[in-house]
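Just one chain is shown here, as structure tokens, and it is the form predicted on its own.
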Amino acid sequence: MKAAEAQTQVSDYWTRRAPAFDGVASHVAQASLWRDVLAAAFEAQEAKDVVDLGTGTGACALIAASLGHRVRACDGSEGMLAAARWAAEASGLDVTFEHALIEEVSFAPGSADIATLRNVLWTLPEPMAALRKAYLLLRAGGLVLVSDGLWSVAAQYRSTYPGALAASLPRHDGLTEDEARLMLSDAGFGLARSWQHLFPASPYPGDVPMFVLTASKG
């Protein structure tokens, strides 16, 4: 399956799941923990320009906005964006949302201090392209935050993608911290720092191994 076709199917899949997604999401069930972890990982003493790539229902975008940052976010699924917009409005948070794939988003190069990709890499046909886009969007010294997990060990698979679509996603089973570190390095980022130790246990059912990494653009 070609990458463009796979991406279209992924976006359509998440639009169908969007209405019920936040009802079982970790970032809702453990909202205060996620906020504390991201606040620490951002290492920001003042308001920053944040881009949340593959925002979904707005998990990182809403946290960043609640911390006082200036936030833009994008997603290829209109259904997920609708949920994110509703959540932002309900919370009184100012986030600029754009319906766009990560590689096609209109955000200007060098316009962000922080880029976030939470649970995004596993569901992309070309995950390295997303990391390279994050690198492009960041100013020199900017920070990327990547969080994901090894979803194949969960008692229940993270997605119910059709077989052909799942086979076209190179990280569909998830990824380890070590794999993510290598990907960040290959995308041009410096040495990564881990933050998942700030969770008392994995925030995902089944004790899924997960990570939260940050790395800087040189």
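If you're wondering where the values come from, they're calculated on a predicted model, not measured in any experiment. Quick note: we count residues from 1 along the sequence shown, nothing fancier.
FYI, the form predicted together with a small molecule isn't displayed, but the following is about it.
- Taking a 4.5 Å heavy atom cutoff to the small molecule in the predicted bound form, the contact residue among Leu124, Leu131, Ala112, Val95 is Leu124.
- A single residue from the set Leu143, Leu137, Met80, Ala73 has any heavy atom within 4.5 angstroms of the small molecule in the predicted bound form; that residue is Met80.
- Proximity of Thr214 to the small molecule in the predicted bound form falls outside the 4.5 Å heavy atom cutoff.
- When the small molecule is considered in the predicted bound form, Ala88 lies well away from it, no heavy atom lying within 4.5 Å.
- In the predicted bound form, no heavy atom of Ala84 sits within 4.5 Å of the small molecule.
- Remark: Ile63 does not count among the residues lining the small molecule in the predicted bound form, judged by a heavy atom distance of 4.5 Å or less.
- In short, of 63-71, 170-178, 184-192, 47-55 it is 47-55 that has heavy atoms within 4.5 Å of the small molecule in the predicted bound form.
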